[in-house]
Structures are given as structure tokens and as C-alpha cells.
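Given as C-alpha cells, the chain that follows is alone and in the form predicted on its own.
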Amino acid sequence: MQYRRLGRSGLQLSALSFGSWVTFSTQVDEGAAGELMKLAYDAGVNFFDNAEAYAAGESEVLMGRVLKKMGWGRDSYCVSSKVFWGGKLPTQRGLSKKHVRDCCHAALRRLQVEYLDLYFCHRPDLDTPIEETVRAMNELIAQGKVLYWGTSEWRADEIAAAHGVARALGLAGPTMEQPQYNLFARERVEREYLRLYEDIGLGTTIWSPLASGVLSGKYAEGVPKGSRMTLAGYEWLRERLESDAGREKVRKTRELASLAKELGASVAQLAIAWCLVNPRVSTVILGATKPAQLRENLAALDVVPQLDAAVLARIEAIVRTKPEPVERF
């Protein structure tokens, strides 16, 4: 395993991490979750990602049981939660001081840990002043309940505003952002956040490196039974896949699979390795329902050295998704 600093912080996260979105409690029970987490941990993974919204908290409950059963030293792994969608009532949503605090305490109970290593604002809250959220996060850090806080799918100006408030008040600002990043979703990580990497040392814990499974190649011949696109509540993923843009992504994935085969890799390994080539990526969050799938994805580290300039150019010629460069005058 390789390890990378989380932005400008001193925390070193495994280049590949393991997340529970969609899978835990929905597709994976406690026994399977334990097997997957142990496989990841034994391979050197030290970051496990979660959120209050995943399976309405049951994902955290399941992960907490596994962590307790495994008995790993608390100093050997990091665990996260995210705050925004905790329920349907007004006080159970958003980034108010109350919900930020309540969500943190609930996550600690569910995960059966004394503190969260990373705590994310799952989306921006236009109804709560950023200063209120920054103060709430700072209080949790001062209390030792959170070590680092960050954002997920925030715009660059929103992250900069939070950092500016924190700096002006002498409080802890956001350390990391969790954006979607893959061969088909690049604008934010490669272009929009450039100033944030340079100015505040933003780290990134990227999700969906396989574009919701499209870049695994599993949808080349349609939607297989048991995949996440057949699950209730995830119809929107299937609609995206079956759109013109989705079919074009499937076509490009077939071409990428041919290139991956030349390298002796799977298309999933190629796609994950491509994400790791970007030095702004602190860690790539993997998801899996089966050990074989997780082993394959973890082996993407071995593909990274093969992605030289020539191979990267061939990938670019297939996907044609590179954002326009930022002008520097």
C-alpha cells in the first residue's frame, strides 16, 4: 500500500480506502462487511468512509459492529462520517450547529468510536450561515470529537468562504473535500479547485472512481441482476446509464477495456490507477460487495507505474474529457 498526506495536513491516508455507500446494509450484511473490511485492512487500507445518510444510519451501525469485533488499534485506522441528511424533520437536516452536533454524537454511537478522524459537510447548506457551521465544527474539534473537518461536493467559492471565516476568527478550517472524480467527471478536481490546492492545501478523498460501476465494464451488455442500478431508490443511476450520454460512456469503456487488456489489467484497475496518477488525490475510495472485486481493485496500485505519458495520451484520446486549462496571465 502507498500512503499520501491529506492535503497540507500531517495525516497520512492509504492511497486506496474503503467506503460503504450503497453496499453496507443494502447489499452487504455484517458477515460480508467484516470480510471486506478485514481484506482491505490487511492490504494496508487505513481509512473507512461512511455517512449518516447511508442506509439511514444502518451503514454506520454495521461498520461499528465490525470495528468492535475486529479489535484493531484505534491508532491504526481512520473513520469518517458526513452530516446533512439525518431525517425528515427540520432539525435533522442541514448544517445548523444543532444538527452538526447531533449527527456527530449519533455517528460516534453507531460507529462505536470516541472520535471521528474525518467529518464532512455532505452538501452545502444555503439556509445556514457558513460561520455557524465553521464554529460548530471548531467546537467539536476543540472537544476532541473530530480531528479534521471538510466538505463534500462544495463549490470552490464555498470552500474558500469557509476557510476565510475560519482564518478571520482563528478557528479550524476545512482540511479536505470529497468530490466525485473519474474519467468522466473531472472539472471540479482538475480545474475548479486549483487555487484551493495552492492557497489552503486542500486534500481530496475522491468517490466514484468507477463512475457508479460504468468503468468496471459490468454494464457493457446491459444492467446485470443484483447490481446497484437494480436497487430501489437508485433508479436515477439506471436512467443516467440508459441516456445518450450514458451509452456513450459505455462505448468509451469498451475501448478503455481493450487498452487495459494490453497492459494486463482490467478496465476497473485502469480507471482507478488513472485517478491515482493525479497528485491532488489524497485517497481513492473503493466500494465492493465481493472479496474478489475488492482484491481486483486494490491491485490497481500495480498498474500506476504503467501509466506513462504515452498511455495517458491514449486514454485521453478515448475519453476526451479533459477540462479546458485555467488561463494564467
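Everything numeric here is computed off the predicted structure, so don't read it as measured data. Counting begins at 1, following the sequence as shown.
The same protein also has a form predicted in complex with a small molecule, omitted here; what follows describes it.
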| request: Choose one stretch from 256-264, 273-281, 299-307, 46-54: the one whose residues place a heavy atom within 4.5 angstroms of the small molecule in the predicted complex. | output: 46-54
| request: Check each of H122, R110, R188, K249 and return the one that places a heavy atom within 4.5 angstroms of the small molecule in the predicted complex. | output: H122
| query | Out of A136, I130, A166, A211, which one falls within 4.5 Å of the small molecule in the predicted complex, going by heavy atoms? | reply | A211
| query | Heavy atoms within 4.5 Å of the small molecule in the predicted complex: does S25 have any? | reply | no
| message | At 4.5 Å between heavy atoms, is Y193 in contact with the small molecule in the predicted complex? | response | no
| request: Consider K68 of the chain shown here, and say whether it contacts the small molecule in the predicted complex, taking contact as heavy atoms within 4.5 Å. | output: no
| Quick one: is R93 in contact with the small molecule in the predicted complex, heavy atoms, 4.5 Å cut-off? | no
